[in-house]
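A single chain, nothing else alongside it, follows as structure tokens in the form predicted alone.
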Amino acid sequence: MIAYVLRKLLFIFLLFLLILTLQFFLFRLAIPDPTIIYIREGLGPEEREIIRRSFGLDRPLYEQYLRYIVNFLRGDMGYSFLYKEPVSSIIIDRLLNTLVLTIPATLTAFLIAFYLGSYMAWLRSSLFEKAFVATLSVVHSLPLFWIGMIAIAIISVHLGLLPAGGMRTPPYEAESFLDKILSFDFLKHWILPYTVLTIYTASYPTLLMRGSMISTLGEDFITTLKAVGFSERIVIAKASRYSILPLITYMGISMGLAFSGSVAFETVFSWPGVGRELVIAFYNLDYPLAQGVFAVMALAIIVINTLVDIAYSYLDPRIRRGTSG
């Protein structure tokens, strides 16, 4: 097991290094001169060269690349053109804002998927099961940002029950992250995007759990449990345990989708997370911030999927590479 984990860690490092390399050259092709945001009419060639030199853009491309990789692995992502602050401090703040929304929503969604999917499989072909399958299929087929817009229009605009967006009601000053989220005002802003994200995230895993559970209920050991006289609750619990592996596998994919989909979702709800910050960085040609946000989002997706892969191998040792039998 230790050798398997070490191989996974090596894979994370090599894959992340490849992403950084592709990102460096792709961003350089898209924005050949990132200092264009600083260049204004009236600046002469000498002033422009001073600006380029201050960001190290006067050096050869290979030297810029090596310096970029080394600095990034040390946690130095440069300075934001827009905020005039270190990119790492900006990303940490925005990442915490994203995690405080996506982690509770994802965990709640998978708890719902586990129990509701198991129960739906047990009630297969009933009116309740058919209605839920149809509803979840419709929810999963709709874009997340569109569901968010509809929720804002109904809950916030027409009913006026909850704020339409943002994390807190301005103006406010928070001394720390905990000070920012431990308030009733934050809860009012948090509950609507949390609910929308939970419902959308739970739609497909519930259907996945239902399908896996239906397959498990056809196994011989389930028939034996029923014949011996075990209660319905125990039979469902046993079948759910053996049906959860596909759900765990999809959890990593879902977390990755939560990060990648947060760009449109956070923009709709004006949530100050990493997704919305990526849009702001591109709009303002903030080259270092865009690179940093993109790399951190990619690393988060890789790490989450690897952790799920390790958990899956722990639950099912047959998939571990390098083992016999």
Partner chain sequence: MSVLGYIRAFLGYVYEDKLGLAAFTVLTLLLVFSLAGPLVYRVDPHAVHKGYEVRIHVVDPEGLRVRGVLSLEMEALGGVLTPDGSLLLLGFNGVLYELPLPPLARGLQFEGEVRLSSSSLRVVAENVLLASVSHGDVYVVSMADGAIALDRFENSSITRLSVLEVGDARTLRGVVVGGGVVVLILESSIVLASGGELHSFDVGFGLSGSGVSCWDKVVVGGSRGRLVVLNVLTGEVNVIRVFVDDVLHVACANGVVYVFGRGGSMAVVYENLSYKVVPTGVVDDLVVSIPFDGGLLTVGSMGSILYVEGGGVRLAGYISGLRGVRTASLSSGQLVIVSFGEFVRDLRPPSLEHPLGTDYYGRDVLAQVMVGVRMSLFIAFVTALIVTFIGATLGIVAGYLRGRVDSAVNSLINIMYSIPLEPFAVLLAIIMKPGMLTVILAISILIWRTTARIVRSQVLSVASTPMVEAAKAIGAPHHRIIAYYIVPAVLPVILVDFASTMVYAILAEATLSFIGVGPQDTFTLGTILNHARITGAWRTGWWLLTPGIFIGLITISLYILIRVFEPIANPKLRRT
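Just so we're clear, the structure is a prediction, and the values are computed from it rather than from any experiment. Positions refer to the first chain, counted from 1.
One more form of this protein, predicted together with its partner chain, exists but is not displayed; see below.
Of the listed positions (L73, L127, I150, L161), a single one reaches within 4.5 angstroms of its partner chain by any non-hydrogen atom in the predicted complex, namely I150. With a 4.5 Å cutoff on heavy atoms, Q64 does not count as touching its partner chain in the predicted complex; it lies far away.
In the predicted complex, no heavy atom of G229 sits within 4.5 Å of its partner chain. In the predicted complex, A264 approaches its partner chain with a heavy atom inside 4.5 Å.
Not displayed here, its partner chain is kept clear of L307 by more than 4.5 Å at the level of heavy atoms in the predicted complex. Of the stretches 113-121, 84-92, 100-108, 142-150, only 142-150 has residues with a heavy atom within 4.5 Å of its partner chain in the predicted complex. Of the residues in 5-23, those that come within 4.5 Å of its partner chain in the predicted complex through at least one heavy atom are, in sequence order, F11, L15, L18, I19, Q23.
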